[in-house]
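There is one chain below, alone, in C-alpha cells, taken in the form predicted on its own.
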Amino acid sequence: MTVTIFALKELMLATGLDAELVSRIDPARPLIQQGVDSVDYPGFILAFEEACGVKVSDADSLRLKTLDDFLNFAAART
C-alpha cells in the first residue's frame, strides 16, 4: 500500500470511524483533538500495521498523534 493521507483516512473508515469525522480530519492536528478516541485509536493502529506491513511498538503508538506522524512513520520504515 502506498501510504498517503487519503489512504490513512480510508483505513480509518474501514475501522468503523464515522465518515463525517474522517472527512474533517486535519492531518497536522492531533487525532484525539478531532474526535478519534481511545476506543478508535487501537483499531486504527492495527489496521495501519497490517496495511503497511510495519510494527508499531507501544512507545511509538504514544508518539503517533497526527496523520502526518503516521505518514512519516511509514515512510521511515518502507
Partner chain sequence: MTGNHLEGLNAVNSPCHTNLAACLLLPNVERHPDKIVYLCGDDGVSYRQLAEGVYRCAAWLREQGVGHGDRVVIALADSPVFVAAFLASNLIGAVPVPVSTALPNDAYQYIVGDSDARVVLIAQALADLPALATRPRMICGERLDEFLPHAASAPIAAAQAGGDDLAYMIYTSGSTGKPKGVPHRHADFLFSARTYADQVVGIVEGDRLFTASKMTFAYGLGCSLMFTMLAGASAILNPEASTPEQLLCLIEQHRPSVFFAVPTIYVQLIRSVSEARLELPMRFCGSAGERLPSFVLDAWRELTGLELVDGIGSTETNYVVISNRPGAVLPGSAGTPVPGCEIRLVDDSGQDVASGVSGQLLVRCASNARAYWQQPQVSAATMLADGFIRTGDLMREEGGFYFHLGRSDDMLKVGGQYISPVQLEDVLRDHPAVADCAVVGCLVGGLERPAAHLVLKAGFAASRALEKELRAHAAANLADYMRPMKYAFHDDLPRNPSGKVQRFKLKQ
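Everything quoted here is computed from the prediction, not taken from an experiment. Positions refer to the first chain, counted from 1.
Although it is not shown, the form predicted in complex with the partner chain is what the next lines describe.
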Next on the checklist: Taking the partner chain as it sits in the predicted complex, is residue 21 in contact with it (heavy atom to heavy atom, 4.5 Å or less)?
Outcome noted: no
Checklist entry - Counting only non-hydrogen atoms and a 4.5 angstroms cut-off, does residue 53 reach the partner chain in the predicted complex? => result no
Next on the checklist: Given that the partner chain is not shown alongside this chain, does residue 11 nevertheless sit within 4.5 Å of it in the predicted complex, heavy atom to heavy atom?
Outcome noted: yes
Next on the checklist: So, residue 30 and the partner chain: in the predicted complex, are they within 4.5 Å at any heavy atom pair?
Outcome noted: yes
Item to check | Residues within stretch 31 to 58 having a non-hydrogen atom within 4.5 Å of the partner chain in the predicted complex | outcome: 32, 33, 37, 38, 39, 40, 41, 42, 43, 45, 46, 51, 58
